[in-house]
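Heads up, the chain below is alone and in the form predicted alone; it's given as structure tokens.
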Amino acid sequence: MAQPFKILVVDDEPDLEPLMLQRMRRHIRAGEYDFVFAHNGIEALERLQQEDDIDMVISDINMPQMDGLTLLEQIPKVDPNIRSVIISAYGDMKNIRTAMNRGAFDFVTKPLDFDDLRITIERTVSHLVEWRDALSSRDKLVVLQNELDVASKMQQSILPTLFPAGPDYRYFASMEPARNVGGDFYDTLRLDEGRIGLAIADVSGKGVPAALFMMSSRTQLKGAAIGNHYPGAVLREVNQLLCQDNDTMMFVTLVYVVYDPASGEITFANGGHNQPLIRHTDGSSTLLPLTGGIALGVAPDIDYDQETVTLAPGEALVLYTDGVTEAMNSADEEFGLERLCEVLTATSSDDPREVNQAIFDGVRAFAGGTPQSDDITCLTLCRSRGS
């Protein structure tokens, strides 16, 4: 039987320990998790040094003696493979962003929503398993395909699989990795005032280096987006961080969208990525305007403009990577933007999962038996009719 994942919870609130044990009791009884506790960063470091089987740290930020941000800096010195999740008050956006930039894998906010915490733990554990498999596999790689398999697992492990719906909108994203793994990724973020952040990106290169750069890009994006209302400013911050010590000269194209359900407004910035589409209620499609941004990681001190449009009731926003439009058939023809628009015209559904599936089906039918050469990724947001 597999050993439970050992999770160190660091918080100075005495009531958290019994509450955590009570709310997570089913997972503890099932042998999935083993929780241990510390009341500040100093106690946490002592436990980490004494117990070499701790897999994950869940830490508050504001604590006496040693706070969570300082603890984050110390954890890699004990074990760089431990994954950290930060707990903080929702309004403490500056510290949350600092924590993400210091290596926190994810975060949850107070007051604790234990359903959200459980999902966060599951995703962190999933990533940790794939990361350990990747580390083990890299030592045994003898052919390129092994490396690509590792990269694929790393790539898939960070992608969200749950897409909470609002009262008048739904969204869904999916990716079909190619055999020669690239670095596509998507992410969704819950922001303040009921808004949501949506991102889709494509990292240059293939294999493990692309997967590692992809994970770094995702972490930097999530940290920069917290508390920042302006997609252009988010892309500028991420670009600055990616340009630091970028000896490999890798880059990422990225679209970041903030959707406000109250008004239907979409505010977005585009860093060298494919232009998203809006499918209108009459079946026609319109490209979102370009915002003039270049790929992230290429050059520092770049400003990224942003635009705002309104998604009308019944309309759908479709974000995609070039694996869709540049898919090839046996005659070396590309699927192209025109065929993508034809698929959207033929798809009247306001279910984002069905819209995504129609795009994937259209690409597969066009390609026939031609091997897929790039990841195919789509993220669709649908605003309900009559909202």
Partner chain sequence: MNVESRREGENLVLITDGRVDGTNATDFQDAMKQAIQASDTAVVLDFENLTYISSAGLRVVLLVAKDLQRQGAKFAACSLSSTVKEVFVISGFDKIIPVHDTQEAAIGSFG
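Predicted model, so just to flag it, every value in this text is computed and none were measured. Positions refer to the first chain, counted from 1.
In what follows, reference is made to the form predicted together with its partner chain, a form of this protein that is not presented.
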On the criterion of a non-hydrogen atom at 4.5 angstroms or closer, are M250, A299 and E326 all touching its partner chain in the model of the complex? yes
Within 4.5 Å of its partner chain in the model of the complex by heavy atoms, the stretch out of 242 to 250, 213 to 221, 117 to 125, 72 to 80 is 242 to 250
Non-hydrogen atom contact S204 with its partner chain in the model of the complex at 4.5 angstroms: yes
Though only this chain appears here, would P261 touch its partner chain in the model of the complex if you measure heavy atom gaps against 4.5 Å? no
In the model of the complex, does N274 have a heavy atom within 4.5 Å of its partner chain? yes
Would you check, heavy atoms only and a 4.5 Å threshold, whether G293 touches its partner chain in the model of the complex? yes
Could you spot which one of E342, D67, D34, E334 gets a heavy atom to within 4.5 Å of its partner chain in the model of the complex? E334
